[in-house]
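Okay, so here's just one chain, in structure tokens, the form predicted alone.
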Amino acid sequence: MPTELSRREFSWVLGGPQGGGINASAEIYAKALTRGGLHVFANIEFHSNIMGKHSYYRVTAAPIPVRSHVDDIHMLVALDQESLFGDAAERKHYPSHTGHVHQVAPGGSIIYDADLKIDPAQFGRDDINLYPIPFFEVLEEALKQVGKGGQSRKYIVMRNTVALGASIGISGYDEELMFEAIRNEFKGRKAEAAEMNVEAVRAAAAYARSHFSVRPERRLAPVPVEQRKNRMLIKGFQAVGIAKLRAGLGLQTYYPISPATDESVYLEAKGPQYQCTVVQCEDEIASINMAIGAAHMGVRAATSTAGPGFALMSEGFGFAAITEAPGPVVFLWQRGGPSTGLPTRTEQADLQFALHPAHGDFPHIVVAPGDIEESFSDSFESFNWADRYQMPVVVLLEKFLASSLFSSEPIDMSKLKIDRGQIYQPADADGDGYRRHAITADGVSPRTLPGMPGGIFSTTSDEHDPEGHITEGVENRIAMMRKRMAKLQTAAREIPATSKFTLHGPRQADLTLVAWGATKGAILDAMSELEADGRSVNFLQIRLMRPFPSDAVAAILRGAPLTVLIENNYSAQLGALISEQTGVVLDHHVLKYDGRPFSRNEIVEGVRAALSEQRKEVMVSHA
């Protein structure tokens, strides 16, 4: 049964060769839709090479909230044959590599370059609308309007803009909103480029309207002006970067690695005006150690990386924990592994790694946000936790979240509060009685900041006594281990439940979905479709992975008649953590590990297959 979202959404895909400019064009299109008051979600899939391979950008819009994509395409815009029919060489080994034509919904549309000389019979379908547009001819006409006729080959990248114009002309969307988005994108010294692109959109839209009488079943219209809200389009790495700056980040270290680099580059551009220094280190070992040193010096410090880089940081985690540094906060942007794996694809396979990043027993916090708002709030709070509990914190994120675009209400920053934790107040500024690792009931010893009178201390990565002197004494070892680990119990008591987990939907339901991270959007969008099957559905989203909210999660799951775990990995890592911490074994697993994010329909199909076929585990992939 169709839901309100499935009836009203519009799924648009632009495909072409990597390095051909589809990113910029698709994001301008998304911004034009947002200006029209629509809710927008957009995500890109691209190869790890620099040029040539097929990539595509999917933009989904609706007048009601949309947080995910579907595999059905309502309008496909193809800049090359591979976007339509796939790669011929790959089809020899993998017959399913057939491009995107098969994903176009019945009644949907395909816009493609007429210069490709494709016989309509090649599409093999009579239930879709075809719109061959002579991209270069239309571009040449547009360039004439700005005095640059005869230069279409020079401005070949503007084929993408022609594709946008054709999309507007066929779907019926407001051209002026596209013009506004283009002019905003090319403002300042690029004003001439803006007008060239505006003319390309205008010429292509006019061509589409004048040459094709058939209009697609699914069309796109802005919401009425009086109903439009001021929403922003934002990517995950931007939300994290803004949160860091608002939290008072003083030092960001990194070694370039996909997909984490985008965040550090963003901070390099924005950081100086916030007194934030960004350092590109020689490797990830230096990155974490430099951040630990800065944390000991009283600076809020972070480092960002992906799985291969995180693997090099293991010794640093133990060093930070045993010396009780107030941080650093490590931002782990997950991608496909193991080893180099899939550098530009997404995954959720680093959870167990984040929980056990180094040898020995030591305290650290792991939190996994699921959307833009949580990415912002969890990133901000992670610095408070690092300072308050004096331990490293891992913010576990995903490539999918980093590079996807979400329309979002402005982030509420009015309630943000920086907490630097317990700072030592010496009774005698000239005394020498300060114990950096003093035994306390909650495990947290007041720390000092550089230059504080009476605050000089020693510490070491070997086991040490409260004064920081190396010792291997048995009683001291037991006391210091208990002291450090007690900080996790303190954090578990003090961190609010709203940061630990969320139960979406009714408290009691026939079916409970369990997941974490950026699968959140697709699950929330899929719930109404699953409810149409006659079941009540809720969704337990886990955010705080360490310290794990064992009692609360166990109470929810033990009262659930039927449970389905949904994860973007092979080994159901959250399921293993839940079993370890609560003793609860979830009934079914729906897993995806092809390097692509869950679509909404994959959630629905996977859950239905698990329940109807009574399968413990279902793997889904529509790539």
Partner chain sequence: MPETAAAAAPKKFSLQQYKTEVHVDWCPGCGDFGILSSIQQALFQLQIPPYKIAMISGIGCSGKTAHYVDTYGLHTLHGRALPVATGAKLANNQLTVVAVGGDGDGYGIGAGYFLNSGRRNLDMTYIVFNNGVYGLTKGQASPTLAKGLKTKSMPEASIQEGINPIAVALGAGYTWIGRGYALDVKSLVSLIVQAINHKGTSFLDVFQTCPVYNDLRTKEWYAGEDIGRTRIRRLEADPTWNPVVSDPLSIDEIVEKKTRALHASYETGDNLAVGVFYSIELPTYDDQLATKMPALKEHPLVDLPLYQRDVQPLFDELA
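The shown structure was predicted, so the numbers you read here are calculated from the model rather than taken from an experiment. Residue numbers count along the first chain shown, from 1.
The next section is about a form of this same protein that is not shown, the form predicted in complex with its partner chain.
> Does G250 make contact with its partner chain in the predicted complex, using a 4.5 Å heavy atom cut-off?
So G250 counts as contacting its partner chain.
> At the 4.5 Å heavy atom threshold, is G293 in contact with its partner chain in the predicted complex?
Contact check for G293: yes, within 4.5 Å of its partner chain in the predicted complex.
> Although the partner isn't part of this model, could you tell me whether E176 comes within 4.5 Å of its partner chain in the predicted complex, counting any heavy atom of the residue?
Close contact is absent here: in the predicted complex, E176 is far from its partner chain, nothing within 4.5 Å, heavy atoms only.
> Spell out, yes or no, whether the shortest heavy atom distance between F319 and its partner chain in the predicted complex is within 4.5 Å.
F319: yes, in contact with its partner chain in the predicted complex.
> Quick one: S6, D113 and A518 and its partner chain in the predicted complex, is every residue within 4.5 Å by at least one heavy atom?
Per the other structure, none of S6, D113 and A518 touch its partner chain.
> Work out which of the listed stretches, 271-279, 162-170, 495-503, 133-141, brings a heavy atom within 4.5 angstroms of its partner chain in the predicted complex.
Correct option: 271-279.
> Quick check on this chain: which one of G147, G451, G107, G150 has a heavy atom within 4.5 Å of its partner chain in the predicted complex?
Looking at the other structure, the residue within range turns out to be G451.
> Report the residue, out of S403, Q541, N289, T512, that has at least one non-hydrogen atom within 4.5 angstroms of its partner chain in the predicted complex.
That would be N289.
> Taking only heavy atoms into account, state which residues of 283-305 are within 4.5 Å of its partner chain in the predicted complex, ordered by sequence.
D283, E284, I285, A286, N289, M290, G293, A294, H296, M297, G298, V299, R300, in sequence order.
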